[in-house]
Ligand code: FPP
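Here's a solo chain for you in structure tokens, the form predicted on its own.
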Amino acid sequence: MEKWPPSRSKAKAKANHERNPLMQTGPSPTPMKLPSFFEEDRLAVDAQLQTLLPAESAQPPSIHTAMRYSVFAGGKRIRPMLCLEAARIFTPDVAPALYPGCAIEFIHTYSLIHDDLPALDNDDLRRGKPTCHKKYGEATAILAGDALLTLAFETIAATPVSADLRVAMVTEISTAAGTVNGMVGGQVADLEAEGRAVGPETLEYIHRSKTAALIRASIAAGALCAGAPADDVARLRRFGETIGWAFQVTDDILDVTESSAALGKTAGKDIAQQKATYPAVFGLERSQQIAKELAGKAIAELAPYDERASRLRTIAEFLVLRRT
């Protein structure tokens, strides 16, 4: 029989279990809305993005207008926020982390511009607005994506930290955006899986590479920028990989359960294109369970940081319990 009162660690674990809706049993919890502190971070990120992006009037204006259109099309800034909040665990001054955070937002936006092109997903709607190629033409959209990818690494190089940390962040982010277990490799596997029956291993590879890798890099880059010890960077890298995987499973679920108006992009596209998704392989109910299990595993990695990781923990919960 357990002694009463329970040990401090057990009491804390119980409190975390009760507080964390992902750990609770019973019916699915109510979807979360954006936490209040999101607005504080979003404003800081948007201000930095405004500073880093060339003005629309800069030559040639057509490309800079298209770049700004896509970056400021209404994204939630999840990835730069994760970068900031990972840094906040180790330092109160998270201003330097705005640089890798914005760099990753540039990479994310470039990937969306290219994914929407007719040669890939052929989508007309992104965040409730016409996609970049629908508004500016395919050639300008391709070049806008290329320019954002290039600007991302220029931004990392300007981060006000030591040269060693800048190199570490370049390695982290370029690996996540690349072909070997990275975003581009995941996109290739996703395209090749269309119309084919795939197993859980292939599905996991696609999701961990196409989506989770860049989320992993967002969190690891924040920790690196703050000078976190190697063991902590590794722990947060595991957290990022797993919560990013859960995020993509949730995205698969939302494509089935939400409307185009709610999503801000074409709903049901995964089914129409016969994409490899978790609902297609596991069914909707099991997919919802998998997303919550992955998020619970990710959040457990934050246990050593207690309240220092409260914001990061809240974002992790939102990524799985969000409705849109």
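One rule holds for the numbers: they count along the sequence shown, beginning at 1. In this text the structure is predicted, and so the values were computed from the model without any measurement.
Although it is not shown, the form predicted in complex with the named molecule is what the next lines describe.
Examine Leu112 and determine whether its closest non-hydrogen atom to the named molecule in the predicted bound form is within 4.5 angstroms. Yes, Leu112 is a contact residue.
Arg127 versus the named molecule, in the predicted bound form: is there a non-hydrogen atom within 4.5 Å? Yes - in the predicted bound form, heavy atoms of Arg127 and the named molecule come within 4.5 Å of each other.
Find out whether any non-hydrogen atom of Lys76 is located within 4.5 angstroms of the named molecule in the predicted bound form, and reply yes or no. It does: once the named molecule is placed as it appears in the predicted bound form, Lys76 has a heavy atom within 4.5 Å of it.
Contact test in the predicted bound form: Gln248 vs the named molecule, heavy atoms, 4.5 Å: Yes, contact at 4.5 Å.
Choose from 204-212, 90-98, 137-145, 151-159 the stretch whose residues reach within 4.5 Å of the named molecule in the predicted bound form, heavy atoms counted. Contact-bearing stretch, as computed: 204-212.
Could you check which residue among Ala228, Val198, Val184, Ala168 gets a heavy atom within 4.5 Å of the named molecule in the predicted bound form? If I apply the 4.5 Å criterion carefully, the residue I get is Val184.
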